[in-house]
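Just one chain follows, in the form predicted alone, and it is written as structure tokens.
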Amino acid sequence: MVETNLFSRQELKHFASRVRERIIRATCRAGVSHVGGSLSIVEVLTCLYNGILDINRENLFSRKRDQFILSKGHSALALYSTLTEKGFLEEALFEEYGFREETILGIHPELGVPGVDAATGSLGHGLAIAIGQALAFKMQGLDHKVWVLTGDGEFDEGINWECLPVALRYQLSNLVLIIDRNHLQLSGFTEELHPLEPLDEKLRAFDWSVEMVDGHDFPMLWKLLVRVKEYRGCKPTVIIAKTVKGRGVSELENKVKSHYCNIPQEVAERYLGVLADE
């Protein structure tokens, strides 16, 4: 059973702020993009890695624990920042991100990085990988869950829709899909490019258990994740996390450019000042 009072809202908020600072500094230092999609999932990762997932320093490379798959692999910096803040990645390794050719920290998650459970990058495949892992757990009688985080633009990929009935067919109640519903993708707003709404009704049509939550509201998010963690029914679960791309930096929030922009040093300092004033 998940403890419901491991961290206070303020502690989670401070953790998330430190993760956001890491994301901005590393984006600036490495000269890479995808900052917006990294910032939008910080609260979700903060909750998952502070008590929802049964992960610790001793089982980082184990398959006999909850597994987490970041299907939207272009947001790997958010995962690396979270793992570093937890002490799972060494600071020296984190500093290599996007800087050294020989680093194991790829722009997308790579196996071999402590705490990374799947190599992702080609959008749409994370859910398929998660189904395989969840089915394996079920066949082995292991009481672990597989959590997979996708982008909403990622649902342009047909493989995700093909996966939904497969997961139901095998009654993978140990599978949790989290959709980062920030309404933006590389080239614009999802509803202008490839409309998803009514997304919740479409997912319910596949007979999944569907939940919706403010992806930045710690009390509501934590409460829901605990309930889903303890669920022992027969359906897979999908959580539509309503988020804001570029969350925490007003100049980037809900902006298409946050998907691909780089951050110069002087701009990074301004962004960090905004975070410090929160």
Partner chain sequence: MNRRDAFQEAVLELIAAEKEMVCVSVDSASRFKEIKACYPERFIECGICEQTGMSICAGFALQGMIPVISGYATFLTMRAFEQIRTDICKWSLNVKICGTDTGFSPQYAGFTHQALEDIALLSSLDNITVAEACDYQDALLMSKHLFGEVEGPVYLRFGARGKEWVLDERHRPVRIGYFEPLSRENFDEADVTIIALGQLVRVGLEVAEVLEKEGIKTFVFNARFVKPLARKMIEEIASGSKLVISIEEHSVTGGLGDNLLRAFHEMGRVPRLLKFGVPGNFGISGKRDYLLQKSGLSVDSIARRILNTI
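Since this is a predicted model, take the numbers as computed values, not measurements. Positions refer to the first chain, counted from 1.
The next section is about a form of this same protein that is not shown, the form predicted together with its partner chain.
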Report yes if any heavy atom of residue 237 sits within 4.5 Å of a heavy atom of its partner chain in the model of the complex; otherwise report no. no
Proximity of residue 199 to its partner chain in the model of the complex, heavy atoms at 4.5 Å: no
Verify the contact flag for residue 187: yes if a non-hydrogen atom of it lies within 4.5 Å of a non-hydrogen atom of its partner chain in the model of the complex, no if not. no
Taking its partner chain as it sits in the model of the complex, is residue 195 near enough to touch it, meaning that at least one heavy atom pair lies within 4.5 angstroms? no
Out of 93-101, 202-210, 155-163, 78-86, where are the residues with a heavy atom within 4.5 Å of its partner chain in the model of the complex? 155-163
Let me test this: is every residue among 247, 264 and 271 within 4.5 Å of its partner chain in the model of the complex, going by heavy atom positions? no
Partner contacts in the model of the complex for 133-151 (non-hydrogen atom within 4.5 angstroms of its partner chain): 133, 135, 136, 137, 139, 140
